[in-house]
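Shown here is one chain on its own, the form predicted on its own, set out as structure tokens.
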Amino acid sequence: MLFSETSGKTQKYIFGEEARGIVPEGNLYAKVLVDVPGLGPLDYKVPDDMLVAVGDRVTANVQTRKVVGVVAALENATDLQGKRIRSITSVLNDVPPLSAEWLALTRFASLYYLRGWGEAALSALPLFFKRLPKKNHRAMLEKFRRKGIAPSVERSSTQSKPVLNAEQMAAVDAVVSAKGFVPFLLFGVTGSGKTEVYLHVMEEVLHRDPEAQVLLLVPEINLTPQLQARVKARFPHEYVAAMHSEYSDGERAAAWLAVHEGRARILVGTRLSIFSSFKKLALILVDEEHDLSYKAGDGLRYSARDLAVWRAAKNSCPVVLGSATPSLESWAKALKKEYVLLTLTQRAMSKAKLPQIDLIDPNPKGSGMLVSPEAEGSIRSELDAGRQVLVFLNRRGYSPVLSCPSCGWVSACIRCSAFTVFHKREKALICHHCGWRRPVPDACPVCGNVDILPRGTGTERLEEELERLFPGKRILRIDRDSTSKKHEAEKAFARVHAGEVDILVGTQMIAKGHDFQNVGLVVILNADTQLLSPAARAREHLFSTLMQVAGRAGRANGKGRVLIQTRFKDEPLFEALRLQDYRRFANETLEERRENFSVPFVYQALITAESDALAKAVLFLETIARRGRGVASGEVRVFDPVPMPLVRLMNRERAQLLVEGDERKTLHRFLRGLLEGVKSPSDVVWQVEIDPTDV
């Protein structure tokens, strides 16, 4: 139970049992989490005149600097009496304490992903709440609270909700009738109305309990505004908060505070939203659960999808993972009945049908044209019929590399073991890994040849080709280059939805979740590149991407069509895609994984190291590998360290060491023992990633 005590003008919130911490006699100590790598909770004395609760943000001195920390526990520790222990310097009692549930989440994340608890907890807070208060702190807080006032709008009596079909209704009924924690996998074909299922379930959960809150996770920033607008339209009387990495520090703080204080009952956000502080979390929805964007790529390398399942279990509430192409991990759990499988086999709109998918030949090599005559003719017919066309190429820039035919020079990054991509409109060569750029040279820097040539094709070059083929047509390119400014992606997609675009060109930014009502044709180019990738998960990711982008066709009226240019028409992956048979692809791939003893039938961790020289990184990992092999049982396997696929990044040489275990608990137990006390040379930086996605 939450109660408050008031002293003067300051109101302090205390969680029921933690009020026991208010003990005189000067024996109270706090375990404080601080964002310092390698440090666990630190002991601090609580001054006799200070009122502190578990979950409070406090300030304290760590070595020579003052930092903000979070109180993880309070105790009367007699064994600390008499020792020289610093005291907490102040309590930041501007907001209610963080809950025991939030502390448990960050504690679990730190244990599972093998990082410090303080790193996990403090990195989860908006910058405003983890920095030392400034003079305008209180004024800013009130400004945030004014932003978070729920709109006084009543639902219009004329507003009508879409009528659900039988499959959608069955899915809604299953979720809302669930008692306590139940994980659901909502497997629905593209355009089957998964979002409408989410909205109906949200409505029921919020109606049942006036204090209930809902978290709706989306994989990409550019999906958040579209989905937030749809949620706001359905719940005009609620304050719908949104959170993603493009938000300013103030915007994120305002949204976080509204959720923390319970004023916002709905949060729509990307992966960082999983660490938001809720008063009463009653439902978690994970849209496009298969998407790799849910896995953090640096710092605490967590999976928001996996933490969503854990958090739902902790809160005894349902969690719904939705996708037309579920991850193989989730699909395997559904087959084992660990997840409840809900299936949508039909498109939600009665006149919408699944698109016809055809495999066609690309242009001969050396033709200089990416779009084949067959694809060109189909595009022209679709445009003549007044429908939009989507052309997909998952490579941005004008061309992947410039080269000299005389001496063999290629445009390479000076800081990374990668090519610099030619961006014609910017007249620059840009590394897509580190951002290094240089102007395009007038001649070959090695031999002086002026006829340096672009090799390969990116979306910028494709856009140029389509402008020549279809003069007068409105062509729009959407990729990270064309939408680099804030809100640019939102504006671009709004133009497509408004019918102001005839041909949409883009990368996988345009493949996920967008409900294009008038796209009749999708053309997919250069899919063979990823098909030939040696990465273990390349085929799974390719199938998912192609199925998702194909699903943008024919979502409203009439049957859409999809053309895939490929030289490998007999490839089983393309056959499963042509039949739009995810079950076939997933089951066959899982059987291959089982025979090869691969994920999800084993569990993995990747230890990476970087230094100024590759040999130093490899030597450090070899030391760990030898130590690991000396204690490993037959249930754990330690492989040889090898250079990373992208060996050099930002002038640092990188290597990796893969560790596999038959059981998750066995692997974690082994890793904790293996890595305890490991110290690297000063010129080597290392980290461990649990459940890596790029091996």
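Bear in mind that the values here come from a model prediction, so they are computed numbers and not experimental data. Heads up: residue numbers just count along the shown sequence, starting at 1.
If you look for the form predicted together with a small molecule, you will not find it shown, but the lines that follow are about it.
Of the heavy atoms in A348, some are within 4.5 Å of the small molecule in the model of the complex.
Within this chain, N165 lines the site of the small molecule in the model of the complex, having a heavy atom no more than 4.5 Å away. At a distance threshold of 4.5 angstroms between non-hydrogen atoms, K194 is in contact with the small molecule in the model of the complex. Among heavy atoms of E101, none comes within 4.5 Å of the small molecule in the model of the complex. Listed residues H260, R252, R115, R552 were compared with the small molecule in the model of the complex; R552 is the one with a heavy atom within 4.5 Å.
The contact with the small molecule in the model of the complex, taken as any heavy atom within 4.5 Å, belongs to V189 out of V205, A73, V189, V602.
Only one of 584-592, 514-522, 399-407, 313-321 places residue heavy atoms within 4.5 angstroms of the small molecule in the model of the complex, namely 514-522.
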